[in-house]
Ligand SMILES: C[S@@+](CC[C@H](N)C(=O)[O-])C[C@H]1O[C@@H](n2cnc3c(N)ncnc32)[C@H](O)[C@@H]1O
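Next up: just one chain, as structure tokens, the form predicted alone.
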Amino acid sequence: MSNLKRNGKLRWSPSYLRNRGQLTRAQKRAQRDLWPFYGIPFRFDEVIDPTDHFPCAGEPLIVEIGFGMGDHLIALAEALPRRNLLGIEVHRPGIAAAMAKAHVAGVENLRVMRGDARLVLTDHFESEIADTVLIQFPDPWPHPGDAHRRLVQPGMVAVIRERLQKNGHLLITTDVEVYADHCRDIVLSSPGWKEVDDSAFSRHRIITQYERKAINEGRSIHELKFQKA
């Protein structure tokens, strides 16, 4: 795995807390038994060819960044069985839970990677590998002093654009209006983007447990859709 530090300094501020939750016994079993099929390991500075890992050779990827416990990722894999889906998540309990759900659902078009998503996309892929990148309810880091830790930053948006194919889409969903405004400002102030009204994959988005809680608590859901210009 490549290092988030270079010359002793962080290359960027991580958008996540490093330790969040312990694996349950069931998740440990899933990690041990299912990782060989669903997981994509990577070594320092290794560039990965997606066609080596997915059953639908030649199909571009749908990438979900920070998939949590995997509910949306699994539903999308079931809805689009002829597409390749890659989930990138840093927390081991979520990865194990997603693999277990994928196994129960019998989906084979899904793979997962563990690591900082910006690092994975920067160091371990090259060229335009995806036609859609999804970011669902990223941590808004609401306190002013923490804004630099938000996932959606100019550097992240730039590397996403590098990995998207021509006319590819970036879809961001949040229940925090300030964060929605932040995302729109960051993306549209970055070169090579335009905001659009619809995306082919937004119709497959499911309401997760987190989103249902947000709706029940009266928070508005903001769906932002951008296209690589």
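Quantities reported herein were computed from a predicted structural model and do not represent experimental measurements. Heads up: residue numbers just count along the shown sequence, starting at 1.
The following text describes the form predicted in complex with the named molecule, which does not appear among the structures shown.
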Check whether Gly39 has any heavy atom within 4.5 Å of a heavy atom of the named molecule in the model of the complex, and answer yes or no.
no
Distance check, Gly115 to the named molecule in the model of the complex, heavy atom within 4.5 Å
yes
Does the named molecule get within 4.5 angstroms of any non-hydrogen atom of His124 in the model of the complex?
no
His103, heavy atom within 4.5 angstroms of the named molecule in the model of the complex:
no
Could you tell me if all three of Gly66, Gln136 and Thr208 have a heavy atom no more than 4.5 Å from the named molecule in the model of the complex?
yes
I need the one stretch from 163-171, 58-66, 25-33, 182-190 whose residues put non-hydrogen atoms within 4.5 angstroms of the named molecule in the model of the complex.
58-66
One residue of Met99, Leu151, Ala130, Leu76 in contact with the named molecule, assessed in the model of the complex (non-hydrogen atom, 4.5 angstroms):
Leu151
For the stretch 76-101, return the residues whose heavy atoms include at least one within 4.5 Å of the named molecule in the model of the complex, in the order they occur.
Ile88, Glu89, Val90, His91
